[in-house]
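Only one chain is given next, in structure tokens, and it is the form predicted on its own.
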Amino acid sequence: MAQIINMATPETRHKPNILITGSPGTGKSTLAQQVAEKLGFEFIEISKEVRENNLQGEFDEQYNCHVLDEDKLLDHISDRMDSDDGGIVVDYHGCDLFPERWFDVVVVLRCATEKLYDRLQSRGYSEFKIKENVECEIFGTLLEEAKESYKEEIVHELQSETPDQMEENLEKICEWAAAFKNSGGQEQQSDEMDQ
């Protein structure tokens, strides 16, 4: 007998799935964890999932880290992401590897390059990795990737430089989640919520 695979969509999901992305050092993990806690959602920190479940491939000497095995990762989280329950917050520095149907809200965090440089330097990143990430931020690479991968109306760019901005971002994301819930699965985010 063939196994039926559930693939939830915004129309069938009870709670929204939220992706928080951006360059390293923009506050993704902190914000994603706060959003998950405030909404009572599950938090999936992709880097932690990869480490704890051996979802990486070969080691990249230039970047001084393992390369993500995207197929292993997607297989590993697909049951959770395809559930009609929804209510998952994902934190990852990229977004084009995930199926479009998995997310109802996509947040791209941005940061001034001077601040980003200092944050990455304090983490002990090599000059090469700092340069790569700062250039990615300058060119808006992750924002462009998000807009190419998801419906533009679910993609939101938020500045993430100060504690006040982080608090505002938390409130905005929770408002978007409430709008999704109140609309019966259809995301209805007004332009004024983006302001």
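The structure displayed is predicted, hence computed values, not measured ones. Counting begins at 1, following the sequence as shown.
This next part talks about the form predicted in complex with a small molecule, which is not shown.
- Looking at Met166, you'd find a heavy atom of it within 4.5 angstroms of the small molecule in the predicted bound form.
- In the predicted bound form, the small molecule sits within 4.5 Å of a heavy atom belonging to Ser23.
- Contact check for Asn64: no non-hydrogen atom falls within 4.5 Å of the small molecule in the predicted bound form.
- Proximity of Thr162 to the small molecule in the predicted bound form: non-hydrogen atoms within 4.5 Å are present.
- Shown without its partner, this chain lists Ser126, Thr141, Gln56, Ser29 as candidates; in the predicted bound form, only Ser29 has a non-hydrogen atom within 4.5 angstroms of the small molecule.
- Only one segment in the set 118 to 126, 68 to 76, 81 to 89, 96 to 104 has any non-hydrogen atom within 4.5 angstroms of the small molecule in the predicted bound form, and it is 118 to 126.
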